[in-house]
Ligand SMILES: Cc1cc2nc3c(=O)[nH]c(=O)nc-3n(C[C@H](O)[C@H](O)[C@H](O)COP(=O)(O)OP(=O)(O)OC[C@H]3O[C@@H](n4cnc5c(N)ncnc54)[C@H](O)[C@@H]3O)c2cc1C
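Only one chain comes next, encoded as structure tokens, the form predicted alone.
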Amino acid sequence: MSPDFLENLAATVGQANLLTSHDDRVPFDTDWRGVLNGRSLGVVRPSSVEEVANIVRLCAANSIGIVPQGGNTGMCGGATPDSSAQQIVVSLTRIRAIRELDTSSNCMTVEAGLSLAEAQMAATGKGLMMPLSIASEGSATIGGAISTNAGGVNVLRYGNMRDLTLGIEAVLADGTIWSDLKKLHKDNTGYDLKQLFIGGEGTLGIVTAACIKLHHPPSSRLTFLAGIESVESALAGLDDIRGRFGNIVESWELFSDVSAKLLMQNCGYEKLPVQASHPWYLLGELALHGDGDEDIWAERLVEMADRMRCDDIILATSQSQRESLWAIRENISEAERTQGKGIKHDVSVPAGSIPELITSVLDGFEMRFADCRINIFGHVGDGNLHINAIPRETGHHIKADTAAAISELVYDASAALGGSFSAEHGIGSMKTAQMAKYKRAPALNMMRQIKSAFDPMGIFNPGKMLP
């Protein structure tokens, strides 16, 4: 490394935007869960794509690794530096402009550091909707959501970030600014290169801007919470609605009685707003587009509940009630965190295989891990569940060997059903061993070839995603 490397970085972004002291670096060197604690050489905060390009050139010339970081809300360490003090964190939160909001083409071109919540508000202000919704949307950024191919609660109707991204701008390993910010839904002119960066976790380049697809919002929404007896009931209800009324379901969220108990124990809930306790709970939301009176749809939903043999259901009758129902779902992760450091699993299987997956995991778990509980919740409509192990005693930790055995149980059960060990959280540094175990060799070889072609020096996010 050149002795004037840090001076040159400071000259690029301004001394105030190069953070090198320990206290200044800690929020960027530590993942949001406090599980991983890295040690970067420094944190650099550019304000333009041109500054990013200059940073990349300096790092390439000095063989310094680059860790791109958005809101630092990732779950797998993809935005956390290692402990070598030989990597630079490039925080993109100052690159945050809304370059264009095109209401005639239903899209917006925004910079990578803009938060998802800000993008949502900007779209709403023009009568449109940016539908990606995740619990961390107040901090999570557009660039981070693209780099991890974020999912969330609305995937069922609108797709994940891959489905919402029309074009991107990125800085490549030699400092080239590649701009492909097209608004086109159809562009059949060779390889769709942007797809390599979506879900690429910053290993091929740094995403600095994107053109995002927008939707017209529904005229109204029908939101409900139901207590149900089985996972099969949730799947049957979804099939019932889709079969009779088409693609009107925005969200179909499942959580267990363990989630409910954690909410009551750790988040101040006396009880959930249904009449009784149930093995499972279903939070659903329907998007209505001028489809008639809401009362008619409420009646149809009650009819569906009757066919599911569910007589314990509450409908939101105001925006505040809707927000209260969604807060239940969104507070589950906080309830887990209050309980103690757990082991998180983000898996997917074909939706019809969800009951078999849950049975397999619970049967194996109950026989082996008495000190932990399994908490299951997630996006049942698209086959994505979070199957998390948490300590039974508040504040306790799960031992490393126990955590490894639990993860193996969950991932093996998912793989046996044709599933994935990472549905929406990505790989980062925490799941590279699973990539080596579950990803087939031809796929890994192609991924390594792509990495080598885009980043021959290996400066982008070293040690992430590829084993």
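These numbers come from a predicted model, not from an experiment. The first residue of the sequence shown is number 1, and the count goes up from there.
Here the subject shifts to the form predicted in complex with the named molecule, a form of this protein not shown in this document.
Engineer: Does each of Pro68, Met75 and Leu92 have at least one heavy atom within 4.5 Å of the named molecule in the predicted complex?
Structural biologist: Yes.
Engineer: At the 4.5 Å heavy atom threshold, is Gly383 in contact with the named molecule in the predicted complex?
Structural biologist: Judged by the heavy-atom cut-off of 4.5 Å, Gly383 is well away from the named molecule in the predicted complex.
Engineer: Is Ala150 close to the named molecule in the predicted complex, meaning a heavy atom pair under 4.5 Å apart or at it?
Structural biologist: Ala150: yes, in contact with the named molecule in the predicted complex.
Engineer: Closest heavy atom of Glu201 to the named molecule in the predicted complex, within 4.5 Å or not?
Structural biologist: Glu201 belongs to the contact set for the named molecule.
Engineer: Does Glu424 reach the named molecule in the predicted complex if we count a contact as any heavy atom within 4.5 Å?
Structural biologist: Output for Glu424 is yes: heavy atoms within 4.5 Å of the named molecule.
Engineer: Using a 4.5 Å heavy atom cut-off, which stretch among 294 to 302, 134 to 142, 176 to 184, 350 to 358 contacts the named molecule in the predicted complex?
Structural biologist: This holds for exactly one stretch, 134 to 142.
Engineer: Could you check which residue among Ala112, Ala260, Met130, Leu286 gets a heavy atom within 4.5 Å of the named molecule in the predicted complex?
Structural biologist: Going through each option in turn, the one that passes is Ala112.
Engineer: Just one of Gly378, Gly205, Gly342, Gly237 has a heavy atom within 4.5 Å of the named molecule in the predicted complex. Which one?
Structural biologist: Only one listed residue qualifies here, and that residue is Gly205.
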